[in-house]
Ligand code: OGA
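We begin with a single chain expressed as C-alpha cells, specifically the form predicted on its own.
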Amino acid sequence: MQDTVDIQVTPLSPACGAEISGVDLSKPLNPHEVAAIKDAWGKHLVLVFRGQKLSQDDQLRFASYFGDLGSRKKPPAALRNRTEGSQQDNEKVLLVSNIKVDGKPIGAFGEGDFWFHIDSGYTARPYKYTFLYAIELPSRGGNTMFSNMYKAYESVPPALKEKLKGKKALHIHEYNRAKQANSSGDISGIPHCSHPVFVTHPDTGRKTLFVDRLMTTRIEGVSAEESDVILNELYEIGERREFIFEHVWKLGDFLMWDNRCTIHARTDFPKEERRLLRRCTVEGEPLYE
C-alpha cells in the first residue's frame, strides 16, 4: 500500500469535473486517500486521472473501494448481438470498442456518437458509479460529455417542478446509441423501469433531474402528447452547454463519475480508427424522490 500523499484537485469546468493528481491507481490505496477522492467526487461529480497504467485487476480493485462491483447487464436474446463482444470474458467488465477480430466485435457500443444517457437507468437499481479507462484512442473525436443534473434540476421552472412532483418516468434500453427507445408498443421483452423524474441523491441529499434523451420515453400520469412536450423541455435543460464538461481523452486517462447526478454522451470519431476503453461499475440501489 502506497504511503499517504497529497492529492491535488484541480477543477476542469464551471459545470463539473476535476482532475486528480498525486495518486497512482495501480497501487492499493489507504483509507485516507480513498476518503479524499470520495470527497472530491461528491463536489465535482466527475473525476479525471491522467497518465495511469492499469491492468484490469487494478481497475476492479480501485472501483471496489466505492462499493460492490456491478455485473455487465445481459440484454434479451433479440438485442444481444449489439453488446456481446468476443473478448468480454469478465462479467464485471464491459469493453467499449469498435475493434473487430475475424469480423466480430470484441466489445460493445463501439462506433459513432452516443446520445446523453444514464448507465443502467433502465433497471430497478441503476449503477451508482462508472469507471472508464482509455487503452486505444482515435486521432480525434470520441470525447465524453458530462452534464451536471443538479444544475439541471435547479433550472427546471418552478411551475413545472410542481407539476412533476411525485411523478415517474419510464426508461427503456433498446441498446441503441443515437436513437430514442420506443415505448408505444409491447415493451415486455425489452429492459425497462420507471424512476422518479426528480431524485434525491442518497449521499448529498440534493435533488437531481433523472431523465435522458436516449432512454427516457414517457412521463407517467400525463397524456402522451404532454409527456413529449415536457420531456423535450427537460432534455434541453439537461443538455445546456453551461452544464456540460467535455472530456478530451488521452491514453492512460481514467475517469469516474456518479450516475445519479450526471448524464453523459459521446461525440463521433473516425470509424476506421480503433478505440478501446475498459469499463466497470458499482452496483446501485432503488431511487427515491
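Throughout, we count residues from 1 along the sequence that is shown. Fair warning: this is a prediction, and the values are worked out from it, not measured in the lab.
Unshown form predicted together with the ligand; subsequent notes refer to it.
- Only one of 65-73, 235-243, 217-225, 260-268 lies within 4.5 Å of the ligand in the predicted bound form by heavy atoms, and it is 260-268.
- When contacts are defined as a non-hydrogen atom within 4.5 Å, none of Gln8, Ile37 and Val48 contacts the ligand in the predicted bound form.
- Thr144 is the sole member of Gln180, Thr123, Asn90, Thr144 with a non-hydrogen atom lying within 4.5 angstroms of the ligand in the predicted bound form.
- For the options Val96, Val156, Leu170, Ile99, the residue carrying a heavy atom within 4.5 angstroms of the ligand in the predicted bound form is Val96.
- Contact between His117 and the ligand in the predicted bound form is found at the 4.5 Å heavy atom cutoff.
- Taking non-hydrogen atoms only, Val197 never approaches the ligand to within 4.5 angstroms in the predicted bound form.
- In the predicted bound form, the ligand lies within 4.5 Å of some heavy atom of Leu132.
- For the chain shown alone, Tyr175 is not a contact residue for the ligand in the predicted bound form, no non-hydrogen atom being within 4.5 angstroms.
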